[in-house]
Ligand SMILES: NC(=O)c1ccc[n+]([C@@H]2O[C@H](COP(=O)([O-])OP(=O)(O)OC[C@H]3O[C@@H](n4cnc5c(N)ncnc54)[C@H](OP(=O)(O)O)[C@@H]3O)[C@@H](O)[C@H]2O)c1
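Okay, here we've got a single chain as structure tokens, the form predicted alone, with questions on binding and movement later.
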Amino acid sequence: MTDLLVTGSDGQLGRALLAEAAARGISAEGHDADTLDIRDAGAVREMVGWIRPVALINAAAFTAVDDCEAREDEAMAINGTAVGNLAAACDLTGTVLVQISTDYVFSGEADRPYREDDSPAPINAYGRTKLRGEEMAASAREHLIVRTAWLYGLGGRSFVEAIRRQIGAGAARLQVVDDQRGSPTFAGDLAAAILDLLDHGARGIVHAVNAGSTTWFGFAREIAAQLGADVEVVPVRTGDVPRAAARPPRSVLDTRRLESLLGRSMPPWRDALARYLEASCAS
């Protein structure tokens, strides 16, 4: 029996999960869309039945937030309906389903960090599709839903790489939104937290993000500082940068349940960024 089956294995979190599993001596198998279409119930049932993993971590997702507005049906099929296929297959093998979700299931209007039992109220198509995924995951007898935010990691597109790319291209001035607040989260730290949560038998919903919060402007300024870049970072408002999808203005997640389960918080976001930049330069 394989310990872990990871879907979306070519993404930033999928890669981090497989690397963390290997470092811990945990047997893991990864599949991406080219080898497993999670929308195909029969293929999912066959794969899960063949591998019989202890846990299936679903890191597969349609994550292009703005594209979801025009392609909500497609996003719903991947982020929402397909999770039901995973849940049904997991029930047949006694597998724990771990569904990766997002801060975008919340409106961002609260004046405090969101707790796991707060009522979701997504304001864009991406959030709606991910909330549906949570509902489908909860139909599995054994399930863990991990909400995270502002994810970046090795091997994919991210805000960190977008800022680094602009700096590398010689940009002298960057305009970055300063009225959206969240918690930048390094995929390597999230992967470690997910495996620790499984180790501790966690079930239900858990919020997992790097400690602390900032705005996109604050994040960009820290990226530039850690890169030693001589670039001016200018704060702007969300309305100054029109996007197809609305963004929650404050989607900070309360992580006290994670801390209670693990006896620790995740590392501070600035520390996580430094380790990511060092690792990405080395790779």
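Each residue number is its position in the shown sequence, starting from 1. It should be emphasised that the depicted structure is a prediction, and the values quoted were computed from it without experimental measurement.
Unshown form predicted in complex with the named molecule; subsequent notes refer to it.
- Although the partner is absent here, Ala33 sits close enough that one of its heavy atoms falls within 4.5 Å of the named molecule in the predicted bound form.
- The named molecule in the predicted bound form is approached by Asp37, whose closest heavy atom lies within 4.5 angstroms of it.
- Remark: Ile57 does not count among the residues lining the named molecule in the predicted bound form, judged by a heavy atom distance of 4.5 Å or less.
- Ile78 belongs to the set of residues with a heavy atom inside 4.5 Å of the named molecule in the predicted bound form.
- This chain is displayed without the named molecule, yet in the predicted bound form the stretch 147 to 155 from 147 to 155, 108 to 116, 171 to 179, 87 to 95 comes within 4.5 Å of it by heavy atoms.
- Note on the partner interface in the predicted bound form: the residue among Leu258, Ile223, Ala28, Ala61 having a heavy atom within 4.5 angstroms of the named molecule is Ala61.
- Residues of 84 to 112 that come within 4.5 Å of the named molecule in the predicted bound form, judged by any heavy atom, are Ile100, Ser101, Thr102, Asp103 in sequence order.
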